[in-house]
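In structure tokens, the next block holds one chain alone, the form predicted alone.
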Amino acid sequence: MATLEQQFPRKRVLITGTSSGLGRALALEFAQRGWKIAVTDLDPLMIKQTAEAVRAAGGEPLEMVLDVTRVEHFEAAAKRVTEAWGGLDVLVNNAGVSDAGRMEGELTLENWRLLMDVNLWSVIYGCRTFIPVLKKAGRGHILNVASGAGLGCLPEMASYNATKAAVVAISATLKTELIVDHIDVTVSCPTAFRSNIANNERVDKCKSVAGRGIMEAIKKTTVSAESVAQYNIRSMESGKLYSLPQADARAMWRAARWMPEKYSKLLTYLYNKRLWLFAPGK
């Protein structure tokens, strides 16, 4: 199994959403391996802080403000990395937001648009913009960050589930399409790990039993963003399509794929009986 450094000796990666969580953890993992890293986010101060951490870890940061909901920002980023580095080897579409609620009222159309823009359209923009750049380099790898939610489809999370399931589908499609161009694709589908995704105003106001249960699980878990990042990189090096860092992610994937009717009945039972993540008080 060749390491990413052996596959891509020029070691050039762009990561969206590097201010915290998995994006920052991935940036630092690549930095420890001596990569050039395009550190991107919306907040210039957070970009600078991550860039300093990348430099201290042994990487070479390239700071840029990138709004993942705007295709012109991706186009500008592609132009900049091409000018600075002569191209790109690895693209990581990581930026994402979460929300939860029942379909008939709690999930507003504004909620749907936000999650579609950040979680889905950003992946579409990133892939469409950078695939030609990777082709020019002669080979490449795309890591799209989805979620276990895209595989398991928990109740009261329709907008989040839908965007993440779409990212899984896009990744599986590109895995086949791009093989002739020597571009590989991996999709990350973690379950709960420590990140700032549970710390936002939408979550604080969330009335969803499932949503609050999942966010509590994120706050209580011992799984770190660093361990998920390391697993993702190993999955890329192994040429895997699905990167499933935790045991429960792997179990959910198998159950939903191999016995979908039984999985659906079990999920319905747990939800209606208010068990597991859906227990009162979550």
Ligand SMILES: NC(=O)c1ccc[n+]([C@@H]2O[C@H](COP(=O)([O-])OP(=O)(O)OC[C@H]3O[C@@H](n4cnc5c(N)ncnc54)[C@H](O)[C@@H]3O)[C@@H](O)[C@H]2O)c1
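All values reported here derive from a predicted model rather than from experimental measurement. So that there is no doubt, residue numbering starts at 1 and follows the sequence shown.
Here the subject shifts to the form predicted together with the ligand, a form of this protein not shown in this document.
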Listed residue (Ser159, Ser208, Thr191, Thr186) with a non-hydrogen atom within 4.5 angstroms of the ligand in the model of the complex
Thr191
Do Leu66 and the ligand share at least one heavy atom pair within 4.5 Å in the model of the complex?
yes
Hey, in the model of the complex, is Ala31 touching the ligand, heavy atoms inside 4.5 Å?
no
Though only this chain appears here, would Thr108 touch the ligand in the model of the complex if you measure heavy atom gaps against 4.5 Å?
no
May I ask you to check whether Ala53 falls inside a 4.5 Å heavy atom distance of the ligand in the model of the complex?
no
Please determine, with the chain shown alone, which of 77 to 85, 174 to 182, 159 to 167, 129 to 137 has non-hydrogen atoms within 4.5 Å of the ligand in the model of the complex.
159 to 167
Going through 145 to 169, which residues have a heavy atom within 4.5 Å of the ligand in the model of the complex? Please give them in sequence order.
Val145, Ala146, Ser147, Tyr160, Lys164
